[in-house]
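Here we start with a single chain on its own, the form predicted alone, put down as structure tokens.
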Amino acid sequence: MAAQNFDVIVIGAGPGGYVAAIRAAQLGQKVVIVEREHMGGICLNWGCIPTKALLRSSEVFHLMHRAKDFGLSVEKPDFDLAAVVKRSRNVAGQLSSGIGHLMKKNKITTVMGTARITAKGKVSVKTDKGTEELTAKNIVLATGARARNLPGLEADGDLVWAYKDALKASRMPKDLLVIGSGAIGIEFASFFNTMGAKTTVVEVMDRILPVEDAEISAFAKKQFVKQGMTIMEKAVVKQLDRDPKAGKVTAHIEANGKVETKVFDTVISAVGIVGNVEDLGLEELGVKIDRTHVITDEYCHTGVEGLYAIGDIAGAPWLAHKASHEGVMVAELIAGKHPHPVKPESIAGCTYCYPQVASVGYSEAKAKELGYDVKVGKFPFIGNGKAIALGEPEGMIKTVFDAKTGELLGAHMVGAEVTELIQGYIVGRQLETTEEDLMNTVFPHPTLSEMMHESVLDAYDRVIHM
């Protein structure tokens, strides 16, 4: 079969790949996208979207238990796990089919199959019907990542779950162990704990949510413990003894120099991710790979002419919105435009546990480590009228400024709806705002966003409501 020729081949249809394909098509490129499994990738099918659907169910369930606080009555709140999971899968399915529609709308050719780069500008795709050969001057690698499996802690889909198993849970855990307290681990811990599982979280670092500002991590931990979670920090799961007949797992957990054993009926392994770099032909092309991630420059060039790598395969931060923005940037580079590179420190991180956590820029410790003289402001949810009216008085907002220039170096939040609030500070950083701009901005009342204003004021000893 003769090779089909395109301007751009995109490998992977997750939030990096499909966005790159759409932007390239908008710019007049002839585009083909190759996907081996699901349009929308992990994020849409097995990550960001379905987990948020699950967490919304647990949030509503939590509110049902608090009905009396709002002057309402709910008799014996209960749930149907199968229905909760079904709703989550339906949400993912609806959006996945939407990606296919977007490909057609933008006249992008879609090939379902497994791709391999056979030479510079050449891709061979194994499909159900045989092999298709594609050629293009430019190739965009957006193959994403998968869950990391540590020896002895591998998921088996029965007693030990990876994120996919947890998303289609067929039973409700009673005693749950979550290994890892990054965003994925803590979101599942929050969901199952809220739904009634006795939940233990083990984190190897000295605090949970280790990428967040230390004060935010400490505040979140306090709330999780109040909700009944057991948190073990500076701890390592050394071994899992599985007993499928009894439906039990005995975990050997090392902490404070001692190893103790605890019995669980379910374990969720959330110990990070590895890039999907295998069997793509990268080594033969001379692409440099470090710990399962492709090494790129700030413009996602791999060092091989016409070959770009975006999203999770190109390294941290492993976030869908980073992948999408890189996809747009690369499409514009290919079309001869001059986009700005994506700056990791300007990309927000959001964790949809209860309470939510969100941040952008440098933590207080990181800013000081980089040599900044900082001014720090904080404001608690308990001082905000809207938070109290919502029945969500637990939370805080923290801002970090450069004392010399007034530049907003970082913003860190924990509490209700902070994953939506963070956008205000992201826009502020993009527009190179100073403390003066933020102080002179009129925030509407009554809103949670007023706390963003108060936190800025606090950094400069002008806070009003505290």
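Throughout, we count residues from 1 along the sequence that is shown. Treat the numbers as computed from the prediction; the structure is a model and nothing was measured.
Omitted here: the form predicted in complex with a small molecule. The next part is about that form.
Exercise for review: Let me know the one among Thr109, Asn149, Ser346, Thr114 whose heavy atoms come within 4.5 Å of the small molecule in the predicted bound form, would you?
Suggested key: The residue from Thr109, Asn149, Ser346, Thr114 that makes the contact is Thr114.
Check your understanding: Of Thr143, Thr266, Asn384, Thr199, which one comes within 4.5 Å of the small molecule in the predicted bound form, counting heavy atoms only?
Key -> Of Thr143, Thr266, Asn384, Thr199, the residue with a heavy atom within 4.5 Å of the small molecule in the predicted bound form is Thr143.
Check your understanding: What stretch, of 295-303, 168-176, 311-319, 385-393, brings heavy atoms to within 4.5 Å of the small molecule in the predicted bound form?
Key -> Looking at the other structure, the answer is 311-319.
Review point. Is Ile11 close to the small molecule in the predicted bound form, meaning a heavy atom pair under 4.5 Å apart or at it?
Key: Flag for Ile11 set to yes.
Check your understanding: If you check in the predicted bound form, is Thr51 within 4.5 Å of the small molecule, heavy atoms only?
Key -> Thr51: yes, in contact with the small molecule in the predicted bound form.
Point to revise | Contact flag, Gly47 vs the small molecule in the predicted bound form, heavy atom cut 4.5 Å | key: Gly47: contacts the small molecule in the predicted bound form.
Exercise for review: Find out whether any non-hydrogen atom of Ala323 is located within 4.5 angstroms of the small molecule in the predicted bound form, and reply yes or no.
Suggested key: Looking in the predicted bound form, residue contacts with the small molecule include Ala323, since a heavy atom lies within 4.5 Å.
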